[in-house]
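Next up: just one chain, as structure tokens, the form predicted alone.
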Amino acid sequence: MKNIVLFCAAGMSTSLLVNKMKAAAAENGLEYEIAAHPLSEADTYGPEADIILLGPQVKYKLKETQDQFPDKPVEAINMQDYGMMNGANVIKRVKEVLGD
């Protein structure tokens, strides 16, 4: 099971996207654990992640987060996919990055 961690400003705005991502993963037969947390909790939840995704509101922290977790893929969620809550597109990108 792969662990996808989303970080945003407060951990709440991404909850709808997480639900859409979970549905898209299930439709594709992917066993992903997906959760959202505030970026302030990166030290707690980042180490267990297979991939870290940042919401657009914390995209400015991308380089810092990549430096914090150099052994993991860290990406900003596409702003259009985030705005449209397109969980399927986000899962598609995760699959590409993780090679699933």
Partner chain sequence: MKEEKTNKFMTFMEEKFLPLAGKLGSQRHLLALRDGVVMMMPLLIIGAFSMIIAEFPVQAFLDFMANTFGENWNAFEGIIMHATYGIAAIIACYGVTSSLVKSYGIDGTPAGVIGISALMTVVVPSLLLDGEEVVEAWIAGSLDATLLFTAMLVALITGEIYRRMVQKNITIKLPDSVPPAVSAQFTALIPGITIIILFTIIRLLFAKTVWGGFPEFISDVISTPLRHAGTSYFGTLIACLMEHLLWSFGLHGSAIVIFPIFEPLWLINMSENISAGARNIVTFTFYENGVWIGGSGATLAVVLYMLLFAKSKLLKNVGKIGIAPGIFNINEPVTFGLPIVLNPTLMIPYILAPIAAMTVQYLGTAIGLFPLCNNMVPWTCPILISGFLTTGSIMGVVAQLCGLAAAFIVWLPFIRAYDDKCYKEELESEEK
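Keep in mind that what you see is a predicted model, and the values were worked out from it rather than measured. Residue numbers count along the first chain shown, from 1.
We do not show the form predicted together with the partner chain, though everything after this point is about it.
Taking non-hydrogen atoms only, Lys61 approaches the partner chain to within 4.5 angstroms in the predicted complex. Using a 4.5 angstroms limit between non-hydrogen atoms, Pro56 touches the partner chain in the predicted complex. Among residues of the shown chain, Ala76 is not one whose heavy atoms approach the partner chain to within 4.5 Å in the predicted complex. Contact check for Ala88: every heavy atom lies farther than 4.5 Å from the partner chain in the predicted complex. Shown without its partner, the chain has Met79, Gln80, Tyr82, Gly83 in segment 66-83 as residues with a non-hydrogen atom within 4.5 angstroms of the partner chain in the predicted complex.
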